[in-house]
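Shown below, as structure tokens, is a lone chain in the form predicted on its own; questions about how it binds or moves come after it.
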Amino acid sequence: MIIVIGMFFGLILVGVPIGYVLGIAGVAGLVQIGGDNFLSMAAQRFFGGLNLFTFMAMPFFILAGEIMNRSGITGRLAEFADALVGYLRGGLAHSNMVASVLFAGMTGAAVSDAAAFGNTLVPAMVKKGYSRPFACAVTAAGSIIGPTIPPSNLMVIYGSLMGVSIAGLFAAGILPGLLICLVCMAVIAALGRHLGLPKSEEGPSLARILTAFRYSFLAILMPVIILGGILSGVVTPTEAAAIAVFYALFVGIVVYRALSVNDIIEMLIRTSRITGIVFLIIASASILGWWMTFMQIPQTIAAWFLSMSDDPNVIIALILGLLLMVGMFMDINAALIILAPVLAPLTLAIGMDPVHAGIMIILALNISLMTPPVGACLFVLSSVTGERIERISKSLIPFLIAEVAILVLIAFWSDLTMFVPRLLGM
């Protein structure tokens, strides 16, 4: 066990991609417990780790996000958000948050949100007088709304691996996602005068809101179709993802006339690359996960947590600390796949609802997307805008504190998470 764990962390430290690290460590573990005879398990687990129908939703949602970025749907959503809240002090920052909520209901990927708004809203904010680090920080803070409000790729992974209702997870993510938006907007308002954030000279305008709504109606309709279909039980998450791609293509090609054949080819290539990376991590982690199960590591960790305290509140606090710490240094897809089988039984042992536990775990890892040293959204924004990661991270501190506070609230107040699922009878 020590050899496998040492190899795992050693390979990470020397910079080997996480997908390869998981596979190499998993194969080493198989050899350790069964020699050459167990090597055939590697291929079986590699395939078995991906042999879940619900995983088909992920490439469809990724492609839908690519289409929306390229076709201008994202820009129209941003204009509608600006019409709603742009008149406030720090109006474009508030618009960024509201746009993140609208965009979240389509793709469920934080990196897509960060890339889209890093290319559009960050330059617009800088032009209006916002500092670039602050504009990037607002975008990073809003980007984690994407994988919190459904649809969410992380929820698809968690639900598929742990046998938890994906529709239930989707429903449970709605209120936490909206709460993140509202609290981050409160942070922007609190910082408004201190930072001298710009304020529009124009007041709220119903005419402008109606014009922007009409201009972006087809874009706004998309999350209604996706979430309405899933939560009503008419379609599965995978079917909804395919519908999202078809709808985005129809709007982008027929209505907006913004996509060419070359655009579609480029989007398919990019989607394939992103999907390949995520699926390699999932498949490789399946090998390591089987080894961990064979060695009873999840049971050992659960017993260790329970030996420290039998108070559910203490155990929840320990779980949150572990997730936030691991997320700072590991890809969140890999962290979810490795830690979910370890932590899920522990949450059941202290009486947490599986859906509530899933949202808590997912949100904790989402926050890691904007924490150095390996926060994916930080790297995306840095590469898109040219801003240094350390400057973005400094501006992120108030938002990070606020979102950790929301995580704690959600972890210890189950009714906040479970209200919508219970309302829908899930």
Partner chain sequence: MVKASNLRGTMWLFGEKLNWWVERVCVVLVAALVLDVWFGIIARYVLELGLTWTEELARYIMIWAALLAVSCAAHRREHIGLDFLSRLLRPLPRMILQTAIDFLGIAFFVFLCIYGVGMAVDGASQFAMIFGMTMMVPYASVPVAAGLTALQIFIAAIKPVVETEPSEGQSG
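Whichever C-alpha set is largest while still superposing within 1.5 Å between the two forms counts as the rigid core. Note that the structure is predicted; figures quoted are calculated from it, not measured. Residue numbers count along the first chain shown, from 1.
Keep in mind that the form predicted in complex with its partner chain is missing from the display, and what follows is about it.
Asker: Which one of these stretches, 88-96, 304-312, 320-328, 275-283, sits within 4.5 Å of its partner chain in the model of the complex when only heavy atoms are counted?
Answerer: Of the options, only 275-283 has residues within 4.5 Å of the partner.
Asker: If you check in the model of the complex, is I18 within 4.5 Å of its partner chain, heavy atoms only?
Answerer: Answer yes; at least one heavy atom of I18 falls within 4.5 Å of its partner chain in the model of the complex.
Asker: Does its partner chain get within 4.5 angstroms of any non-hydrogen atom of V404 in the model of the complex?
Answerer: Judged by the heavy-atom cut-off of 4.5 Å, V404 is well away from its partner chain in the model of the complex.
Asker: Just checking whether D263 would be counted as a contact of its partner chain in the model of the complex - the rule being heavy atoms within 4.5 angstroms.
Answerer: Contact check for D263: no, nothing within 4.5 Å of its partner chain in the model of the complex.
Asker: How about L52: is it within 4.5 Å of its partner chain in the model of the complex, going by heavy atoms?
Answerer: Within the cut-off, so yes.
Asker: Within 4.5 Å, heavy atoms only, which of I269, V255, L221, A207 is in contact with its partner chain in the model of the complex?
Answerer: Filtering the options by heavy-atom distance leaves I269.
Asker: Please tell me which of V183, A242, L84, L175 lies within 4.5 Å of its partner chain in the model of the complex, judged by heavy atoms.
Answerer: Here the answer is residue option A242.
Asker: Since the partner isn't included here, can you check whether its partner chain sits close to all of L39, M56 and I287 in the model of the complex (heavy atom within 4.5 Å for each)?
Answerer: Affirmative, all three are within 4.5 Å.
Asker: Is G229 displaced by at least 2 Å at its C-alpha between this form and the one not shown when the rigid core is overlaid?
Answerer: The answer is yes, as the C-alpha of G229 shifts between this form and the one not shown by 2 Å or more after core alignment.
Asker: Using a rigid core alignment, state whether the CA of I362 is displaced by 2 Å or more between this form and the one not shown.
Answerer: The answer is no, as the C-alpha of I362 shifts between this form and the one not shown by less than 2 Å after core alignment.
Asker: Is I67 one of the residues whose C-alpha moves 2 Å or more between this form and the one not shown after the core fit?
Answerer: It does, since the I67 C-alpha is displaced 2 Å or more between this form and the one not shown after the core fit.
Asker: Are V164 and I226 closer or farther apart at the Cα level in the model of the complex than shown, by 3 Å or more?
Answerer: Compared with the form shown here, the C-alpha atoms of V164 and I226 sit farther apart in the model of the complex, by 3 Å or more.
Asker: Would one find the Cα atoms of T275 and S382 closer or farther in the model of the complex than in this form, where their distance changes by 3 Å or more?
Answerer: It is closer: in the model of the complex, the C-alpha atoms of T275 and S382 lie at least 3 Å nearer than they do here.
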